[in-house]
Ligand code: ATP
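Form predicted on its own, single chain, as structure tokens, below.
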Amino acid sequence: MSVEPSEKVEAKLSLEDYVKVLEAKLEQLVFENKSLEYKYNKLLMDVEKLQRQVEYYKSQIEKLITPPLIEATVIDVLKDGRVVVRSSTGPNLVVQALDSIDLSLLRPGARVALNQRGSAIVEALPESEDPLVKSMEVIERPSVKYSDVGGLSEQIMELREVIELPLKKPDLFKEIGVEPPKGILLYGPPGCGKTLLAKAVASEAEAAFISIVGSELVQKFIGEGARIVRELFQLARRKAPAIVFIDEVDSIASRRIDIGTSGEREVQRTLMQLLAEIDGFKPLDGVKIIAATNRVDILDPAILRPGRLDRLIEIPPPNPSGRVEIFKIHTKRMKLADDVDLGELAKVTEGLCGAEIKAICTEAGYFAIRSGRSVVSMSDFINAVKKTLAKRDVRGRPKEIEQSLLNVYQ
């Protein structure tokens, strides 16, 4: 039986359509497969995220239920490997140490952690630093330079010879065969530049600078002041080359007396620890001390003897040339009128210190602002001097200075 041509065409078209249908189904299945793969990968990521959260919460729960460790201090290490420790709870204990702990770390004085149940050493703790002592190191240096200190050129030269030179060139002193001074004492009336010199040293010296006020060493509990002094010098030795600046040193180094309160005896203990740190058995290589006070008359002779604070540098009120330098420093950024005579101002400010001269320059600027001017005149400085003299008695001679001002500028 023969097939007509029209029937062959119909059969052929039906086969092509069927293939197209199959291809469309295949594409749909491929798309669905990719979609399922995407969902599967997303579910895997969600499972991993949930597993991480479960592990995190497990670790937190373990931390919450784990009993705390006890801090202790090593006293001695016995030959059989056991360790004698002083527990922070009170008694001395002979305990075992885990095999994972390096025995070289278990030195007398080292801090360790004890397990509560068996009191075994489970961890060697790092050395602790008192937060008060740690905050004493000056990280951000002041912007003060030696050029910002006026009228103290001789004191600056001696300060650099005693403090900076041994730190920067220690081999020079070894070659000559002399031991450089351990420290200096800056003394003089208030406002004459003692702290300003210390700021300049902190800024320009290539050494760690640790600053403390003497009153910070006076603590409430017995032995706390001495402990802070000890940790202060331990920090300085670790940071060497370093400079330790003790401001208002008279608050802990006043002359010792036989009769006193328990508080005064505690201050004396702190002083004795300070003296032991300066010239005790532990050397102060690479560490220099600068102390400052305006009451040198009440200091204990023990701290002033050679070998401790070797050099006593007086910071006196500035002389006329020094006052001119100070005026130049504090007026270098000011707009001055042509009639301003710094030499004349230096004459009429006899007896004033550097801090008061700085206050005069600031006050003169205020007088110009009140007058609506951007330039400071001589009359502004004169009014500022009069106002400053009215606030205090300058060595018993304010009336004479005031009268000289009236005679010249009225």
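Each form is matched to the other, and the largest set of C-alpha atoms that superpose within 1.5 Å is called the rigid core. Sequential numbering from 1, following the sequence displayed. Everything quoted here is computed from the prediction, not taken from an experiment.
Beyond what is shown, the protein has a form predicted together with adenosine-5'-triphosphate (ATP); the following relates to that form.
- Figure note: of the listed segments 114-122, 277-285, 74-82, 144-152, the one touching adenosine-5'-triphosphate (ATP) in the predicted bound form, with heavy atoms no more than 4.5 Å away, is 144-152.
- Proximity of Thr195, Asp247 and Ile326 to adenosine-5'-triphosphate (ATP) in the predicted bound form is complete: all three residues have a non-hydrogen atom within 4.5 angstroms.
- Contact with adenosine-5'-triphosphate (ATP) in the predicted bound form, judged by any heavy atom within 4.5 Å, is made by just one of Pro306, Pro190, Gly90, Pro126: Pro190.
- Among the residues Gln234, Ser251, Asn294, Ser321, the one placing a heavy atom within 4.5 Å of adenosine-5'-triphosphate (ATP) in the predicted bound form is Asn294.
- Using a 4.5 angstroms limit between non-hydrogen atoms, Lys358 touches adenosine-5'-triphosphate (ATP) in the predicted bound form.
- Residue contact with adenosine-5'-triphosphate (ATP) in the predicted bound form: Lys182 places no heavy atom within 4.5 Å of it.
- A movement of the C-alpha atom of Phe209 reaching 2 angstroms or beyond is seen between this form and the one not shown when the two forms are aligned on their rigid core.
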